[in-house]
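Single chain ahead, written as structure tokens, the form predicted on its own.
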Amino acid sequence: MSAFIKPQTPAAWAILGLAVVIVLLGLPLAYMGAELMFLGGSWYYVIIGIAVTAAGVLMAMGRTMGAMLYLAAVGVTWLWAFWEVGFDGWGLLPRVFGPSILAIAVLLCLPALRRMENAHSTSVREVA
């Protein structure tokens, strides 16, 4: 039995597609963040890269925790961006625009993720 969702509805396909996009963004962020960290740079990128990758994997498994983890990573990104550039709009834009757009998509997927998770936990209880 696979731990990943088997999409049968448009909402499940959207969640799986979004999860794949999030993983594909998180992996290079973690890898390049590790390179930067070893050169004496910020740990932020590797930590957020790992968190984003894990969030995408959890979402692909149909877990609400993945969405919450991604939203938490975006929250930390906003805090880091304010710490780094202050309230300079042009400085904030490249740091938070992309993650915030994906956060809106994740928020829109939350109700479907909750339904999927509830349906899965109900079916597991019926089998046991």
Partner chain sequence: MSAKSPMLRTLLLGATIIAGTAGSVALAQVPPADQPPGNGNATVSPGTPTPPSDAFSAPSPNAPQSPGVNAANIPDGPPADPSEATPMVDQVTANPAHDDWPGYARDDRATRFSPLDQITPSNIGHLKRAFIYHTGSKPGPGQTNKWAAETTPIKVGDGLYMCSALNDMMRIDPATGKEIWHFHANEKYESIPYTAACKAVVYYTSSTVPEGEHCHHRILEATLDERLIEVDSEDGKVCEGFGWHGMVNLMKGMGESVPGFVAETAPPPIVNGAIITNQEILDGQRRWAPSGVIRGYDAETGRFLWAWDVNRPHEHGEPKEGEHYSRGTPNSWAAMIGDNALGLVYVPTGNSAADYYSAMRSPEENRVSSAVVAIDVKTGEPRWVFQTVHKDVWDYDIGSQPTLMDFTKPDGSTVPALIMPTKRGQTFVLDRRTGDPVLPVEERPAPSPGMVPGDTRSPTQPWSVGMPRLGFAPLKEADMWGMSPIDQLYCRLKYRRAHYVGEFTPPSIDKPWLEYPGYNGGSDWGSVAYDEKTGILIANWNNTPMYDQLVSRKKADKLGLMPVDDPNFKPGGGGAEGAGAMAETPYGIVVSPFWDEYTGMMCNRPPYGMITAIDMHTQKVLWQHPLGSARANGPFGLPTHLPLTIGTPNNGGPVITAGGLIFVAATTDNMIHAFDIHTGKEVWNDVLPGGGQATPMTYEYKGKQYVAIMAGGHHFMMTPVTDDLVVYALDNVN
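Residue numbers count along the first chain shown, from 1. Computed from a prediction, not measured in an experiment: that's the story for all the values here.
Keep in mind that the form predicted together with the partner chain is not shown, yet the notes after this line are about it.
Shown alone here, residue 25 lies within 4.5 Å of the partner chain in the predicted bound form, counting heavy atoms only. In the predicted bound form, at least one heavy atom of residue 85 sits within 4.5 Å of a heavy atom of the partner chain. Among residues of the shown chain, residue 47 is not one whose heavy atoms approach the partner chain to within 4.5 Å in the predicted bound form. Taking the partner from elsewhere, residue 66 is found to have every heavy atom lying beyond 4.5 Å of the partner chain in the predicted bound form.
With respect to the partner chain in the predicted bound form, the three residues 8, 12 and 14 uniformly fall beyond 4.5 angstroms at the level of their nearest heavy atom.
The partner is not shown here, and in the predicted bound form the stretch 50-70 never reaches within 4.5 angstroms of the partner chain through any heavy atom.
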